[in-house]
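One chain is shown next in structure tokens, namely the form predicted on its own.
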């Protein structure tokens, strides 16, 4: 591992800082070059913490191309692959090439303002579209070029396969195997009455179809775009188009990794 360039990141938790200190000493003894920010020649990014720490790093460094591995010092640790007590085994497996790379596709929202300017938001887990926090949101929804319905409720979540086990799952959405290339559209508190008719279950879209959303403003012209928990506020949005991004996140997975075994251990 001589001159292998590794970016090591961690949250501020004591357990994470301790794991980082221990890991950096072990990697330096192997001849690795340790950095705090990834660059074009970075060979590996190590994120120490929980899933939130990994998501923060992915967004902070604009969806880096280097592979990422997580060391779990958090709670759920769905993205994380190893535990602090497994550092020696991790280094050996990485050094000897006993791992595989799992590619995770990302979801993208292109927001068009009333002035015609476009703003792009990318999420690994999901993109959420909401209106005012105090009023019901109304959205005209199309799939491809076909108008589907006028949605009324708190908002709409569009999840990637990787994000199907996150907020989407809490909303009653389906768990999707990350090897499937599809988007899941899940309503948030939909209204379904004689006055308002909204879909109440998730919709699955293939990779060649995009979702179009046109806000139907009533009392407030605010629209919130939330990507992986990060919120951006817009006024008077004219159109939102959601589909896959060309950005791909590569996670390191070691021997014995199985998506459904992880689902079983984390959720069932």
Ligand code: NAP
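Residue numbers count along the first chain shown, from 1. This structure is a prediction, so every number in the text was calculated from the model and none was measured.
Missing here is the form predicted in complex with the named molecule; even so, the following discussion is about that form.
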- prompt: So, in the predicted complex, is residue 151 in contact with the named molecule at a 4.5 angstroms heavy atom limit?
  reply: no
message: Would you classify residue 76 as touching the named molecule in the predicted complex, given a 4.5 Å non-hydrogen atom cut-off?
response: yes
message: Test of understanding: in the predicted complex, would residue 165 fall inside 4.5 Å of the named molecule by heavy atoms?
response: yes
field: Contact of residue 50 with the named molecule in the predicted complex (heavy atom, 4.5 Å)
entry: yes
- prompt: Taking 55, 170 and 228 as a possible spot, do all three reach the named molecule in the predicted complex with a heavy atom inside 4.5 Å?
  reply: yes
- prompt: For the chain seen here without its partner, which of 35-43, 211-219, 228-236, 195-203 has a heavy atom within 4.5 Å of the named molecule in the predicted complex?
  reply: 228-236
query: Who in 1-36 is close to the named molecule in the predicted complex, meaning a heavy atom within 4.5 Å?
result: none
